[in-house]
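Take a look at this single chain in structure tokens; it is the form predicted on its own.
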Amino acid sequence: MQHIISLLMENESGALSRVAGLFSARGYNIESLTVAPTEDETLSRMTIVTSGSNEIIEQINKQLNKLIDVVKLVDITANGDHIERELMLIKVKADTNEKREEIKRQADIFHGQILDVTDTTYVIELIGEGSKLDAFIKAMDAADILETVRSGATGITRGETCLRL
């Protein structure tokens, strides 16, 4: 099962390396990783997407909590309702009027935005759950996809629960 683990960590050099090293040393896989500063300039929020049995996820959480840089941690998928989103930028071939119309139609269906237009390409932005982005890719003609960039999932719990100090 896929888990989204969010943690607050000291905003210091080497902190990301220590987290990645923890996963690497134990043979755990990071499916996606996002890091950004928080409203507190001394802290960053890291979101790790990984998968494994409940025992493996529990071990990952325990090992992360042992790292000196980690201030607070929560597995948002284990704590009930949450919202997760991913950003995708996709560059597609749009070299005929028919392709342009079809791409615009698909982007509208998936609530995407066309960010860049050239004589032969479109760049489309989509935001949503990974399954939505996967469905958009499947809906497109594979031969027309020139480049795909995805952020990886990030998430937040619903309701009153917060990852704060």
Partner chain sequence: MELSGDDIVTQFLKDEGVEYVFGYPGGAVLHIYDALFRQDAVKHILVRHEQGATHAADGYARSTGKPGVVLVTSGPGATNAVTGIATAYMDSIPLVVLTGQVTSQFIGSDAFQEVDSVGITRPCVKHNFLVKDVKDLASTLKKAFYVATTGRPGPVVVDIPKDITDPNIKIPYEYPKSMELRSYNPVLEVIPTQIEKAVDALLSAKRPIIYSGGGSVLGNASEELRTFTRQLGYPITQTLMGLGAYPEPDPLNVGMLGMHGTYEANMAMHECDVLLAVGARFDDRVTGDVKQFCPNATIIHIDIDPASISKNVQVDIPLVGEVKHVLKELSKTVTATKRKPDEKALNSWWDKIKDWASKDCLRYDRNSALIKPQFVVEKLYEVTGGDAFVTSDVGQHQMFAAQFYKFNEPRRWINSGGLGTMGFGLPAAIGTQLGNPEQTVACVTGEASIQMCLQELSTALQYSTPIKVVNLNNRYMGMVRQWQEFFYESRYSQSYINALPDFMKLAEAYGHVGMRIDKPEDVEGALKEAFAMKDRLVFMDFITDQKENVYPMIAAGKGHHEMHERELA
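Numbering follows the first chain given and starts at 1. Computed from a predicted structure; not experimentally measured.
There is also a form predicted together with the partner chain; it is not shown, and the following applies to it.
Contact with the partner chain in the predicted bound form, defined as a heavy atom within 4.5 Å, holds for exactly one of 55, 39, 98, 119, namely 55.
Proximity to the partner chain in the predicted bound form, defined as a heavy atom within 4.5 Å, holds among 126, 123, 30, 43 only for 43. Contact annotation for residue 10: at least one heavy atom lies within 4.5 Å of the partner chain in the predicted bound form. None of the heavy atoms of residue 148 is located within 4.5 Å of the partner chain in the predicted bound form. Looking at residue 69, you'd find a heavy atom of it within 4.5 angstroms of the partner chain in the predicted bound form. Using a 4.5 Å cutoff between non-hydrogen atoms, residue 113 does not count as a contact of the partner chain in the predicted bound form. Heavy atoms within 4.5 Å of the partner chain in the predicted bound form map, among the stretches 45 to 53, 58 to 66, 131 to 139, 102 to 110, onto 58 to 66 alone.
Taken together, 1, 3 and 159 are entirely out of contact with the partner chain in the predicted bound form: none brings a heavy atom within 4.5 Å. Residues of 16 to 37 lying near the partner chain in the predicted bound form, listed in sequence order, are 17, 18, 26, the criterion being any heavy atom within 4.5 Å.
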